[in-house]
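Coming up, as structure tokens: structure 1 and structure 2, two forms of one and the same protein chain.
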Structure 1
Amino acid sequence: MGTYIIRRLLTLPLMLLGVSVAVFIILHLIPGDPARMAAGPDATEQDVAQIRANYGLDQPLPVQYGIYLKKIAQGDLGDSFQTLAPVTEGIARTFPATLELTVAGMLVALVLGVPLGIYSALNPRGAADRFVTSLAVLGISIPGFFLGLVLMLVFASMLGWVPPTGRGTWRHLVLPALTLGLPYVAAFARLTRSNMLDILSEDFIRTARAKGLSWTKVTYRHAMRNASIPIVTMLGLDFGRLLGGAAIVETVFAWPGMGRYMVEAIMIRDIYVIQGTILVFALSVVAINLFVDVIYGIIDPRITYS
């Protein structure tokens, strides 16, 4: 198992290189001349040429890639054209908010989905079962921004239980987290249910029952632990999806996260901000996948990496 984790970690530099090349290419595909944008509207041709030389933008592409990698290694992602502040500063300000929102959304999906799945596995063909099936289709059909606005209308405007927008107390987090997490509740419930059903019919469950263990113990100790493996995988996959959906939820609730930071930069073609945020999003996805694979190796000793 130790070698599995080491081997998996060894693929990391390759992934990072791939991500950095992809982001570098994207930067160059975005229309607009970064030197001209950095120089501002009143700059002379000479100023623009000066900036181009300073940024190394007059060098051949492979050299520019080298400069870019070196700058990343030094923790320099360039400066925003609009605010002139370093992009790393903007990311440090907004990323924690996005992470908080994504983790909270994930918890909503887990805390509601897994018990619902266990319940419907223990009571197959019951009302909970039918409820989960309908909920699954609704979950993949509702646009996040519409769900968010409806929740805001009902719970913030009409009932006044929570504030409609902004970030601060836990009350501010409730609606964005629900908006992000609710569509995934049914997916988690379905996965938990089918795993539980598979495992409950296995020999070792019968053995556990035969030696006189109680239903509760068999269900929660033996079955639940084994059913959790695919849930961890899905957690990893969905974490990336939630991170992608965060931009929309952040816009609805004026949540000061990195998704909004990115979208606002796209609107005004603030190239270094776009590049930096895409890089951090991509690295988060790579990190989560790696983390899940490692966890997977730890909880299931049968897995080897080849």
Structure 2
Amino acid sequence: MGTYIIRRLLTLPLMLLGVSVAVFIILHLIPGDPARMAAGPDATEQDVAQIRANYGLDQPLPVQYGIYLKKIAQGDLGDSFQTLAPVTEGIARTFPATLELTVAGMLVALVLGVPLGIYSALNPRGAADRFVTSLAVLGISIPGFFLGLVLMLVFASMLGWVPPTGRGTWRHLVLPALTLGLPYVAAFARLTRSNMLDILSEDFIRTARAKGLSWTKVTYRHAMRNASIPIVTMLGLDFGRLLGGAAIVETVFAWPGMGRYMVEAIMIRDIYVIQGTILVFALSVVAINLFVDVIYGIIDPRITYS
């Protein structure tokens, strides 16, 4: 496993290089002048030219990219056009909030979805099974921002149970986490149900029951462990989706995270902030997928890494 992890880490710079090239090209293909947007509507041509010179935007694109790569190698992601502060400081300030929200949303999906899937598998074609199917349709159909507004209206405005926006206590986290995680509850429930139904029909389950083990031990000690590999795989894939989807939720709930930081930068084409946040998002997704690969070996020691 150690060799596998080292090999994955060695490919990380190439992956980040590819991401940086793609983002750099896309940002410079979009119509508009970042220097003029940063200078503001009342700026003179001299002001705009000075900003171009300060940020190297008057250089050919290959030269600009080379300068950017050199900065990245030194741990410098550039300075924001809007605040003039280093992008690394903005990311360090906002990334913990995004990670907190993403982990909370994933816990909502797992804590609600997996037990629902297990119960549905143990009671196929019952009321719980129909509920999970209906939940799956709702989860796919309802947009995240609309779900957030509905939750805010009911639980913050009408009932007053939790604050509507901001970050501070655990109560501020409730609505954003539910908004981010609820659409994935049905997906985890359906996947858990499908795998549990397949495994509960296996011979080793019947053998365990024949030895006198209770359904509880058979379900959670044997069946659930074997069904957990696809769930862990889905966790790794959905973590990236939750991380990206956090930008919308953060905007709705005024959550001071990196997604909101990136959205605000996109509105004014703050290219260094956009490039820096996307690189950190990409690095986070790679890290969680590497973690998931390690978890495979813990769940099932028979898995080998080549």
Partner chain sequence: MGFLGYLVRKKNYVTLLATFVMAIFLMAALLAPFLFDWETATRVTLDTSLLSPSLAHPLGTDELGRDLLARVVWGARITLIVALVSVAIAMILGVLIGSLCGYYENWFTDAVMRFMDFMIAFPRTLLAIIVVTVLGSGVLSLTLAIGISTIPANVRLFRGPILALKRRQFTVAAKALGARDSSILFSHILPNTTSLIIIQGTLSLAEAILIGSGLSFLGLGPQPPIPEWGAMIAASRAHITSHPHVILAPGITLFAVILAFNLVGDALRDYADPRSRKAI
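Structure 1 provides the reference sequence; residues are numbered from 1 along it. For clarity, a rigid core is taken as the largest C-alpha set superposing within 1.5 Å between two forms. Keep in mind the model is a prediction, meaning the values are calculated, not measured.
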Of these two, which one is the form predicted together with its partner chain? 1
Relative to the superposed rigid core, does Y68 relocate between structures 1 and 2 - that is, does its Cα move 2 Å or more? yes
For I274, state whether the C-alpha moves by 2 Å or more between structures 1 and 2 after rigid core superposition. no
After lining up the core, report the Cα displacement of A43 between structures 1 and 2 in Å, one decimal place. 8.9
Given the rigid core as reference frame, how large is the C-alpha shift of I30 between structures 1 and 2? Answer in angstrom. 4.7
